[in-house]
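Presented as structure tokens, the chain that follows is alone, the form predicted on its own.
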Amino acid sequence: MRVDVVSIFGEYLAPLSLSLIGKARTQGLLEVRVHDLREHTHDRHRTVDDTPYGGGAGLLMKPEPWGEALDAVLADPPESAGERGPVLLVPSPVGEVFTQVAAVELAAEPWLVFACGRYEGIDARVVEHYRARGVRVREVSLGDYVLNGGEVAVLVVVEAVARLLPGVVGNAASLAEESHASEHDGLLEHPAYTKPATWRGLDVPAVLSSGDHGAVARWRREQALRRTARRRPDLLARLDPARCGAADLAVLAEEGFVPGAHGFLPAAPAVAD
């Protein structure tokens, strides 16, 4: 996979040289190219922003440098992209919330291009222009909050996507057991423990050292269901009741959830006589 990032703060992307992502780059599994937006300005001050039409606080990034920068990146595709071209990702608080499902989708792409906005964002015509040209554009948000720029989002998205590439994570089976994994029904992961068996008066649950693999699996499934119900009940709305056995249904009923048409819903409160 190749990743191109256009930014005015390229040094922000330095952490992508560390840990598993850095190793993936060294091994040729991932190529990251960082491009300076200011290289596509033509004034003495290398200006990339201006005041917004219609008034309002803050500055907006100008379309001209963005058009030149993205045109230059798109003119140099990797061979693996073929006719598909890139996915152009624009971090923005108005974008779709980035999820593990999106990470899986992007991990199947050979080429990702990121446009890192700053200030009040990028002139809306930039996204409009590249969509009209047939570029697959996705505006993405990390959540319901605002950051100073898109570089933080790039770090998050690249790490979430790159670790799904074959060969990046040593034990690929561990990916299926993580929170939000489709193989895990999108549930939060169960609690995990290691040695010693007792630490500061707290014991590892006995079932985990019982040697009974069936009991361990059942305990982990129950804990994942309970943790999800208590911390992220919204995820249960996407849990297919057909994938849940009688034990799962009993656990969720204890936590106050009943199966609906497409997922699980909070049980209606009992009506007093």
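From 1 onward, residues are counted along the sequence shown. Note that the structure is predicted; figures quoted are calculated from it, not measured.
Beyond the structure shown, there is the form predicted together with a small molecule, which is absent from this document and is the topic of what follows.
The partner is absent here, but in the model of the complex a heavy atom of V140, alone among L74, V168, V140, V137, sits within 4.5 Å of the small molecule. The listed set V101, L164, L147, V87 contains one residue whose heavy atoms approach the small molecule in the model of the complex to within 4.5 Å, identified as L147.
Looking at 77-85, 198-206, 90-98, 128-136, the stretch with residues near the small molecule in the model of the complex, meaning non-hydrogen atoms within 4.5 angstroms, turns out to be 90-98. Although the partner is absent from this view, G121 contacts the small molecule in the model of the complex, with a non-hydrogen atom inside 4.5 angstroms. Within 4.5 Å of any heavy atom of the small molecule in the model of the complex lies no heavy atom of V113. Taking the partner from the other structure, the small molecule in the model of the complex has no heavy atom within 4.5 Å of any heavy atom of V158.
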